[in-house]
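Consider the single chain below, provided in structure tokens and representing the form predicted on its own.
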Amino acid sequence: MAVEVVCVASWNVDLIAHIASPLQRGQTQLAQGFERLPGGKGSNAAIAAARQGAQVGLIARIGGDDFGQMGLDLWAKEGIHSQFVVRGEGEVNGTALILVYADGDNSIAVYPGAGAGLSPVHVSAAQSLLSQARVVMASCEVPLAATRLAFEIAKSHGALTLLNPAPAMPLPADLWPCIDVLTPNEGELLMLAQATDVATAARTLLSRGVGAVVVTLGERGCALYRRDEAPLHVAGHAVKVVDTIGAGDTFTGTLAAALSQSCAWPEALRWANAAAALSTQARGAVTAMPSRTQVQTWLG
């Protein structure tokens, strides 16, 4: 079966400590729990898309130790095509140090490891994969040169390109027109546009060439902004949050799956919004991501 969604993916292992409140400089707290779980925004989003029924392929670079094998085993289990995942033997894998607080919020420090070596050469080698895709997605956890080339190839074959601009950073001017869909959270959107309100920020990024801006707003849901069209708002869901790790990745991956399956915008946003809300009901990123059946049942 042809691949519908291709992710230019980051991979890391999440080392998660649960503590009462954010640390002050020089402070030590005893953690109430610790977990080692799969992570990386790209891998997370790819898994979310696969669980929503899309055929997914990866372009990635991982390390050669047991953390790298952990990724390969996980993707095989999720039915994700990994023939264009390259291993850097002897290199350290990406690692995320995550502090989760009692209210479910979190802080994250990410070391990209072997993923920092993903280059346009690796993307070029995967042209046969990209040429099949309906949606090609990436985040700012992978080198921008690799993302730009993947998006250029995708657009040349008529695919939709989707960028989750996290972690937020200044982006080169020539990348903006390559982005069909941008999925920032509110803070990332305001930083990218250097604006103080969502609507102004979205219009600023649209003026740079982005096709559509989908901003996630936490418990307030999400909003879609396009040129010459009224904003489309989708309300949030009232849920008791266990933790928010991976909620944005779940939203992005689910949206990519829905768009690859030709869902109209209102339905695609409703589905992504629900999947993200459900993902906050358990600890971790991948462990909390719902299946298509779970989303359908919850919405039903």
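Every value quoted in this text rests on a predicted model; they were computed, and no experiment measured them. A residue's number is simply how far along the shown sequence it sits, counting from 1.
Here the subject shifts to the form predicted together with alpha-D-ribofuranose, a form of this protein not shown in this document.
S.K.: Tell me the stretch among 176 to 184, 75 to 83, 104 to 112, 127 to 135 that has any heavy atom within 4.5 angstroms of alpha-D-ribofuranose in the predicted complex.
M.R.: Of the stretches listed, the one contacting the partner is 104 to 112.
S.K.: Within 4.5 Å, heavy atoms only: does R61 come near alpha-D-ribofuranose in the predicted complex?
M.R.: Although alpha-D-ribofuranose is absent here, R61 would stay clear of it in the predicted complex, with no heavy atoms inside 4.5 Å.
S.K.: So in the predicted complex, does S279 come within 4.5 Å of alpha-D-ribofuranose, heavy atom to heavy atom?
M.R.: Although alpha-D-ribofuranose is absent here, S279 would stay clear of it in the predicted complex, with no heavy atoms inside 4.5 Å.
S.K.: G57: heavy atom within 4.5 Å of alpha-D-ribofuranose in the predicted complex?
M.R.: G57 lies outside the contact set for alpha-D-ribofuranose.
S.K.: With a 4.5 Å heavy atom cut-off, would you call I245 a contact of alpha-D-ribofuranose in the predicted complex?
M.R.: Output for I245 is yes: heavy atoms within 4.5 Å of alpha-D-ribofuranose.
S.K.: Would you kindly say which of A202, V210, I153, A96 lies with a heavy atom within 4.5 Å of alpha-D-ribofuranose in the predicted complex?
M.R.: Of the listed residues, the single hit is A96.
S.K.: Sequence order please: the residues of 24 to 52 with a heavy atom within 4.5 Å of alpha-D-ribofuranose in the predicted complex.
M.R.: Those in contact are G39, G40, K41, N44.
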